[in-house]
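The data below hold one chain only, encoded as structure tokens and taken in the form predicted on its own.
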């Protein structure tokens, strides 16, 4: 197995978005004042994260601040996050993004099967994801029909219909996510794995609010 490394969240999203995976409108900022200005441009509330090539697990390290409602809150959160950077993180920036809300979360990604090769994955996300284990896989490349079949094979179909006052999941948009992952794997042989977790369903449309791509070093 060759050595691998992870891309920053921003670079991971940029790579996957180039193949059609939808991501939120985000900005990188070098300091707290620039983060506040970016938040003003995006519109409140926002999320601020510490971003860098050496940062793979932001939530576990407390490097995410959610629901920041004004510029003062963004400056305070940004200052805290920059203070948490370690030498192992390398060069860091602040990632400012809109606060995407939705009551349903999916997960999607790419994973290498040691016997068969690269696969596209789709599953139910959220706090019960591991307990439910509702995941389907297909070998790369996939077609639109394959992607539709993957959606149909999820056991938790009730989450895909109208739910808690929200519209049904836009299946065409979800198919586009899966096709985008497959296309990325075909086009970029460096990719070892990719995780879109969570893929929040906002007004019926899936949006990747976090992404991590692992590539060969």
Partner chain sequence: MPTSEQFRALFEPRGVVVAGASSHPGKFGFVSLHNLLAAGYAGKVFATNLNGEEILGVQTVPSILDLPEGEVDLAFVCTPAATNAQLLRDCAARGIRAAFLTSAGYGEAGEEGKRAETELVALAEELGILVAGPNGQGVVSTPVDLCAQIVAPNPPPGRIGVASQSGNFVSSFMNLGVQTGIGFSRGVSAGNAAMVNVADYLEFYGDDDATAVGLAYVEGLTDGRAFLERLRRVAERKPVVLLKGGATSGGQRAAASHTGSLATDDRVFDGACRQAGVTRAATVEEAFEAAATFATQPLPKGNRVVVLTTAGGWGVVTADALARTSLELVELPEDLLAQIDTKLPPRWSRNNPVDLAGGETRDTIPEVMEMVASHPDVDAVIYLGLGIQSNQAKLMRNGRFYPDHGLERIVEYHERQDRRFAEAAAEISDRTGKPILTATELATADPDNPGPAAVRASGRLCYPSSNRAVTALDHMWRYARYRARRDLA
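The structure presented is a predicted model; accordingly, all values stated were derived computationally and were not measured. Positions refer to the first chain, counted from 1.
Below, we refer to the form predicted together with the partner chain, which is not included among the displayed structures.
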If the cut-off is 4.5 angstroms on heavy atoms, which of these, 162, 172, 41, 152, is the one near the partner chain in the predicted complex? 152
With the partner chain left out of view, which of 71, 100, 85, 107 would have a heavy atom within 4.5 Å of it in the predicted complex? 107
Hey, in the predicted complex, does residue 140 get a heavy atom within 4.5 angstroms of the partner chain? yes
Can you check whether residue 199 is within 4.5 Å of the partner chain in the predicted complex, heavy atom basis? no
My question is simply whether residue 194 lines the interface with the partner chain in the predicted complex - judged by any non-hydrogen atom within 4.5 Å. yes
Applying a 4.5 Å heavy atom distance criterion, does residue 111 contact the partner chain in the predicted complex? yes
For the stretch 203 to 217, return the residues whose heavy atoms include at least one within 4.5 Å of the partner chain in the predicted complex, in the order they occur. 212, 214
